[in-house]
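Just the one chain here, the form predicted alone, laid out as structure tokens.
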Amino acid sequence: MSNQQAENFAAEAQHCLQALTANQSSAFRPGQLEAIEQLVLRRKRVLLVQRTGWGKSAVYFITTRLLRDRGAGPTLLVSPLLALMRNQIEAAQRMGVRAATINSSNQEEWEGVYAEIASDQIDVLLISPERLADRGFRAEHLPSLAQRGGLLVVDEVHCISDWGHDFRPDYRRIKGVLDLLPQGIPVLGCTATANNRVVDDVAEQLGTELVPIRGPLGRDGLQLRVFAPAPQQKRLAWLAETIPSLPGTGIVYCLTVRDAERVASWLTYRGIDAVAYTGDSHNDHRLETEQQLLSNQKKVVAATSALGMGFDKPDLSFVIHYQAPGSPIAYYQQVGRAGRALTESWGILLQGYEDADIQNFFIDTAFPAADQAHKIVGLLEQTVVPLKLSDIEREVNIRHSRLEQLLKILEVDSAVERVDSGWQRTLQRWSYDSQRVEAVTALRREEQAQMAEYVSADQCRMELLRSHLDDSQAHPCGICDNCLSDQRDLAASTHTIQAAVDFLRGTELTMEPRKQDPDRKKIPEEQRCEPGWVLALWGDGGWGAIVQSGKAEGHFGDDLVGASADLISERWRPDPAPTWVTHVPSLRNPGLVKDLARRIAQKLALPWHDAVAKVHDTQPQKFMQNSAKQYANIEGAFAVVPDVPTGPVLLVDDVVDSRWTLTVIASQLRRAGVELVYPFALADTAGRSSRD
């Protein structure tokens, strides 16, 4: 290509950039024009590893425009962030790029979108990686899209590698899309969080001739701070006192759904305009929350990692971590949300005593156990008809969400396949890749140690983060707490700390009754318990830690008894009120809950009756991973003694997780003539390590 041709191409691309940004003075950042040239002129496969906010979407939208002007087919963009790309799509329309999406929320539009693609009216089709799991899409539409396509874009391409911090099984299906592409179709993979190991793995899957374009990952003006570990109540107090003094808006990241919801509730209670955002949030709520944060209608969003990749608010002024993530790469990805267009922003890491337990849970459950995988594959091999999830759960002791994840992994590996009536074994040979699982798990432990190193380091924090991402240009930032020798303790007033304790102790925790058995059959209303209450979450900074120590010591103190009685009589006030009290019996520790129930009854001035007997021993329910196993574990284990009172009863237990024990006993009490059953427990252990 001559110099004149190169200049003409650069001018053409520059014109597109100015239309995209609606700014005649816009100029390409280092690497952007190079990537566009590789894709448009040389039809290469390119890997962009650039910091958050660098402008990766500008590369693929401008490339699309230039390829379409040269007669190429539409772009297929695979991204997990469709809901967060509205602003980019609107910007692309300014240079005549027409985009459409196919996703689970717009099924009524699919037929029209496919018709527009067939008539060449669509320039970019955006799909989620999960769309590649749909057999109908793969069979009916993907082959023609791949054959006619002008460009394949894989956004957040680090998700394709299980060496990355956010591996997603459906990304493995992209290899099949690559196999469908005609020779010479360019491919673009984009990420901000890929170290050398991940880059090598991505290159192996996207093609060995992949052209990497890497830039520096530093964030000017982002001031990193780390505080020493502190209990929940102190961290909550610090948030309440500090956030109002911080400029602009921000995000508080939490490791669990429960903590994100609790932080948002606490900040709201303290008069701060806050809202929670998690993987459990309804899609409409998430979209609304994103817009509220973008338009500065909310001061702060308490979020899990569900609000991470792709969220682009250039003037976000602070990111605070309520707990430490499990790796410096994951931390960089989240803290990098702050200050993209600000001269000064904050990235503050708080630490909790619970952090390591939650990190360990995520590491230990990242991959399905080999025995579970073999058992499921063997089970499907032995069956003539496809099996439903409930059928598999009865045979394999695995949590429902874990079973869905494992089946997806096995499907991607071609070991099993989904059919209309359930799951069946394929004819493909399969073996469990234990070496890779062990290697990746070892890497996760190494990353956990690196995160601990980041927390305790005395060197520049930004330099350390960049070095873990193999950024060859890493250097001291000059503005983090270590560079400034500005280490401080987490400070909060005694008054606010006590208010946080009171808040934790006063949080309303209700137990909804189970309405279906493990086979999804309705439990008759006349056999159900009523909605119940729980005093605390296991191990939290309110009553939860006291419950935990009391259970370990084998005795619950008078403070817990008094708090329980106050909750029942003052806050709960079931109507009609219970007329007597009983408890969930145990053969391993028969006195603990019995003593608790008798003392609660005495405090409430109600009679206590030993109304339920345990007729045979069972495994602890915490070892049962799904409803089918939990129910089977306790089925027939309890019996109601003769001549029990028939008035409404308070059914007491110390801790509750699956709710099946309370459900089964309540059903037996109801069948014995008891009018109503109100379940109560000191602590709820369910979901203490749940992810978004």
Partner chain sequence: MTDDRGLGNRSEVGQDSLAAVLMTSKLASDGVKPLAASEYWKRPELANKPSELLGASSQVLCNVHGLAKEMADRINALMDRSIAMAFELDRLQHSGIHTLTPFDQHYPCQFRYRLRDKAPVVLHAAGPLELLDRPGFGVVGSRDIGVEGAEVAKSAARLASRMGLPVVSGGARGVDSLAMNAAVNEHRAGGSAVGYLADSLERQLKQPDTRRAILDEQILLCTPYRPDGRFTAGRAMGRNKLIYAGALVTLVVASDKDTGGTWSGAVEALKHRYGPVAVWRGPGEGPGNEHLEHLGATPVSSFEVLETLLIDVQSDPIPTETATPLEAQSQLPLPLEISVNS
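Throughout, rigid core stands for the largest set of C-alpha atoms superposing within 1.5 Å between the two forms. Positions refer to the first chain, counted from 1. Just so it is clear, the structure is predicted and the values come from calculations on it, not from any experiment.
Absent from the display: the form predicted in complex with its partner chain. The rest refers to it.
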| Among 96-104, 242-250, 419-427, 281-289, which stretch has residues whose heavy atoms lie within 4.5 Å of its partner chain in the predicted bound form? | 419-427
| Single option in V615, V385, A369, A366 placed near its partner chain in the predicted bound form, where near means a heavy atom within 4.5 Å | V385
| Which residue, G557, G176, P212, G112, has a heavy atom that falls within 4.5 Å of its partner chain in the predicted bound form? | G176
| message | Check for me: heavy atom within 4.5 Å of its partner chain in the predicted bound form, for each of Q147, L180 and G184, yes or no. | response | yes
| task | Check whether A605 has any heavy atom within 4.5 Å of a heavy atom of its partner chain in the predicted bound form, and answer yes or no. | result | no
| Going by a heavy atom distance of 4.5 Å, is R436 a contact of its partner chain in the predicted bound form? | yes
| said: When the contact criterion is heavy atoms within 4.5 Å, does L152 count as touching its partner chain in the predicted bound form? | reply: yes
| message | Given that its partner chain is not shown alongside this chain, does Q205 nevertheless sit within 4.5 Å of it in the predicted bound form, heavy atom to heavy atom? | response | yes
| message | Need the contact residues for 32-51: heavy atom within 4.5 Å of its partner chain in the predicted bound form, sequence order, or none if there are none. | response | R45
| message | Superposed on the rigid core, does the Cα of E140 end up 2 angstroms or more away between the shown form and the other one? | response | yes
| For E411, is the C-alpha shift between the shown form and the other one 2 Å or more after core superposition? | yes
